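Form predicted on its own, single chain, as structure tokens, below.
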């Protein structure tokens, strides 16, 4: 089982559970007002573009939208939420000068979808460094997540790098959580979307945060139009990667402050 903490829990408590189990739920972290606004902004994009990325891995009854801040400004209240930044700081900053946004994805699993293939998000990187996490993820529930409607399946403790092939059904738990909650999990934690056996879809937004010296999973500079990025607050632009790392990686001529300004 994964631990479920409440929004009044300290970040240290959350980090302790995350380090122990590879994942942790923080219940009711944001209000329905925040979540409903994100859902409202995402809806037309799910309708227009949601099926473009359907395949064997993503599923054929699941809608996806990438580069979420480019289509939902309200999503910044989740992606750049102080809790996410504190958790990412605690996991990643011991190994880098600053962390960055790796990817953002909105996912809506519809009735009839089957279990997604179990995987690790950090498998996109071809190496491992002992005791170093390359990324950490936050899955926000835009609806109640239940076992019936496809709550994320997680293998607690699997950040120990056990083989995925050796995982049995008894090793898997589902991250059931109410709307407005967030599931944090390590990039090395085995997980996957759940089968939706209900009569309604369930939606969530995933944001990943990676070490500042790694290549980002999504090319933030191309996936989100520059005029949109320029309209974001400075801390969000920095999170997207519009800054240098260790005063040498990602430099831009004429930018003495290390921020790729307008």
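Numbering follows the first chain given and starts at 1. If you're wondering where the values come from, they're calculated on a predicted model, not measured in any experiment.
Keep in mind that the form predicted together with a small molecule is not shown, yet the notes after this line are about it.
Contact annotation for residue 121: at least one heavy atom lies within 4.5 Å of the small molecule in the predicted complex.
Taking the partner from the other structure, the small molecule in the predicted complex has a heavy atom within 4.5 Å of a heavy atom of residue 57. In the predicted complex, the small molecule sits beyond 4.5 Å of every heavy atom of residue 69.
The closest heavy atom approach of residue 98 to the small molecule in the predicted complex falls outside 4.5 Å.
For the residues 107, 88, 182, 79, the 4.5 Å heavy atom test against the small molecule in the predicted complex is passed only by 107. Per the 4.5 Å heavy atom criterion, the small molecule in the predicted complex is contacted by stretch 202-210, the sole one of 202-210, 42-50, 29-37, 230-238.
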